[in-house]
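Just one chain is shown here, as structure tokens, and it is the form predicted on its own.
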Amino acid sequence: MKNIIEVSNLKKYFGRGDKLVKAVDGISLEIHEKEIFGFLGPNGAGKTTSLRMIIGLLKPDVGEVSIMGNNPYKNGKKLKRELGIIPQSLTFYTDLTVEENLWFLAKIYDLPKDLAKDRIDSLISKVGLDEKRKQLARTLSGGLQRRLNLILGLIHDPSIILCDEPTPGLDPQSRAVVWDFIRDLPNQGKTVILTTHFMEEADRLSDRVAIIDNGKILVLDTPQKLKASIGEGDLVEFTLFRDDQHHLEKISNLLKGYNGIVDSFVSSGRIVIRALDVVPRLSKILNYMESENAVIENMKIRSTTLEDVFINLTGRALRD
């Protein structure tokens, strides 16, 4: 598979003297052509800083980047039309209409009028803004503003698209529209780099995911392989009325020795167990917990998620 981006030992420091902080600590990776590559990690993990260095907006203190065989710090102008940036912050003009915002960017990129019109019509239609095209951007709902923000970075038909936290605060309908739009981009020959702290987003969209924390890549693989790497079985989460940490740890440790339980740990005030064939064992597990004075408030059975991978690697939840 052809590599479109190659990154070697990127490091970035902020501050000075004794207050020097290492924001990115030796990241190396390859991004394949026509894939969605996800950076998953908590806020402050180094995702956005890494992304900014990869596309040439921020120069690394150490390391090298190659995009389509070019150095983005030396050949930035050459790569400008190949990169489309969809930032986390909203970047449109609030007193222009949806259509006017797109026309403004089309003129900046010096697109021929007929080509610009075709692209504007197509992009507006793909994110369901047809009926809003003459409406001022500031009057749109938050979800519709996010859709507009998404397509503004694509007006010049870039080869590589960088999505930095594309769905913060979106309602389920708008999130689904954005996800469908992003998921289809590789079918149009595009390569997508996605940063997110939303585990479901990374899982559903990414062909491969790099889980990043404290400026380092902890693991990199397909979502399926990452989830399979931490073991088989279903997960059961228990929330107890008594949430004393010592009591939770005691119950969790006792459950580790119970027949059929593969693992047990405490996360964000919950006891989480992994068990094979959990449903027929559930009544006995409940009775066992109650015999240890565990008063269960809530219970949920679920499959493994990328957050479980993160917990397995770091010992804490993604949102902690």
Partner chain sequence: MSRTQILGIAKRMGTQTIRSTWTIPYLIIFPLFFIGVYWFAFSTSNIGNNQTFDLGILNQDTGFGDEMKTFLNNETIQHEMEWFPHSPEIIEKGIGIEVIYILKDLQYTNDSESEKIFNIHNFNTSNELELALEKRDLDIALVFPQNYTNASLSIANSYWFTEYGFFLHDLIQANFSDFPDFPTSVNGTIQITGDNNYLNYKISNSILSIFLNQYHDMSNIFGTTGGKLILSLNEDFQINIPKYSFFEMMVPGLIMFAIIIEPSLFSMFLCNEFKADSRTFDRIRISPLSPRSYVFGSLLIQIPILLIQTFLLFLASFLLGFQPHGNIVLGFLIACLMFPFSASLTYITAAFFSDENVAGTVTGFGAPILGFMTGAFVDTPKIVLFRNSFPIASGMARDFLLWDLIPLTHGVNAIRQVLLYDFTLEMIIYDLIAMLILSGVYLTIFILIYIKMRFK
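Predicted, not measured: the structure shown is a model, and the values here were computed from it. Residue numbers count along the first chain shown, from 1.
There is also a form predicted in complex with its partner chain; it is not shown, and the following applies to it.
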- Kindly confirm or deny that 90, 110 and 152 each have some heavy atom within 4.5 angstroms of its partner chain in the predicted bound form. yes
- Message: Quick check on this chain: which one of 244, 130, 184, 95 has a heavy atom within 4.5 Å of its partner chain in the predicted bound form?
- Response: 95
- Message: Counting any non-hydrogen atom inside 4.5 Å, which residue from 57, 262, 254, 286 sits next to its partner chain in the predicted bound form?
- Response: 57
- Message: With the partner left out here, check for me: in the predicted bound form, does some heavy atom of residue 80 sit within 4.5 Å of its partner chain?
- Response: yes
- Quick one: does residue 85 come within 4.5 Å of its partner chain in the predicted bound form, counting heavy atoms only? yes
- Quick one: is residue 52 in contact with its partner chain in the predicted bound form, heavy atoms, 4.5 Å cut-off? yes
- Query: Should residue 104 be counted as a contact of its partner chain in the predicted bound form, where contact means heavy atoms within 4.5 Å?
  - Reply: yes
- Query: So which of 144-152, 222-230, 201-209, 168-176 is the stretch with heavy atoms within 4.5 Å of its partner chain in the predicted bound form?
  - Reply: 144-152
- Partner contacts in the predicted bound form for 126-140 (non-hydrogen atom within 4.5 angstroms of its partner chain): 136
